[in-house]
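Listed next as structure tokens is one chain, alone, in the form predicted on its own.
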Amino acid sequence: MDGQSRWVFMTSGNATDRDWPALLRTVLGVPAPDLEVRSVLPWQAEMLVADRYSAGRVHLAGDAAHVMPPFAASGANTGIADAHDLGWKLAAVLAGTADPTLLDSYEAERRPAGWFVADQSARRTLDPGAAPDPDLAHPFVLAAGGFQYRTGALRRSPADEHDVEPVREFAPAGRVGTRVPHVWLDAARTRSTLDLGGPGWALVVADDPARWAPAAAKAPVPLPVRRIDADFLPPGQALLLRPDDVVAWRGGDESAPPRVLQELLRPERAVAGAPA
């Protein structure tokens, strides 16, 4: 519980009337004379994912949306990602910078992500004696939130449709619908690419920012242009980074980011021909 003096021990079976001090001393392999058992609770591991994450003005996040066996803090990390996704969208709608339809993308993005992580956690824990599972994701994919959104507040080019994030290997590359890969931006390792997004949007370029700045100034919300040097972003390319560090668009057309932002935040006005 605190990594020093309070711990949780889990074992199979549902009997609570065992000699727990003796069992724990056997497990620890030391006498542990000051060992004290504070509580014993029966617990059933389950995998449950809500059928819907959103209904009108109600949105589920965290344990209310998904329950999974514990594996590498996947439940907590998935809940934090839910809140990060829903938080910036709610803020944009409440501030009047986005239409309420933006909130439809919350369930479209987070329910598949929640199912993926819950399924992966269940595969690793509910049947530990099973044969090796060839469909297990790489542990780093789970730890780094490597799930790729296929629909939602995103804009893909035809080429992006075939650029799928691998699951059984950890190979982040700044693909549309994924969290921007972590790369240190300074020699002292005080700033990362993960610091580029939030609390607002950002345009991350491997190029002269001056080429992108005039169009970025026309965006419907502030869109700072930030230059980086990273292997995952070829020269002349840019990433439109959401407030939750997810890549919403990728390409080399400097006129595209403000138009894409308009389409994502106010799709009805974009369809009606409002200026980007």
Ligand SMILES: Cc1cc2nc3c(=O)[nH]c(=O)nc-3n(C[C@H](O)[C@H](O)[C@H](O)COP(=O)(O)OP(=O)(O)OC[C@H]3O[C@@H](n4cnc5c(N)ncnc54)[C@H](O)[C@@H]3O)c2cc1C
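Note that the structure is a prediction, hence the values are computed from the model and not measured. So that the term is clear: the rigid core is the largest set of C-alpha atoms that superpose within 1.5 Å between two forms. Just count from 1 along the sequence shown to find any residue number.
Keep in mind that the form predicted together with the named molecule is missing from the display, and what follows is about it.
The closest heavy atom approach of G75 to the named molecule in the predicted bound form falls within 4.5 Å. Contact between D208 and the named molecule in the predicted bound form is not found at the 4.5 Å heavy atom cutoff. In the predicted bound form, the named molecule lies within 4.5 Å of some heavy atom of G62. In the predicted bound form, the named molecule sits beyond 4.5 Å of every heavy atom of P214. Checking 143 to 151, 76 to 84, 175 to 183, 119 to 127 against the named molecule in the predicted bound form, the stretch whose residues place heavy atoms within 4.5 Å of it is 76 to 84. Heavy atoms closer than or equal to 4.5 Å to the named molecule in the predicted bound form belong, across 136 to 164, to no residue whatsoever. Once both forms are overlaid on the rigid core, the distance between the two CA positions of A210 between this form and the one not shown is under 2 angstroms. The Cα position of L41 differs by 2 Å or more between this form and the one not shown after fitting on the rigid core.
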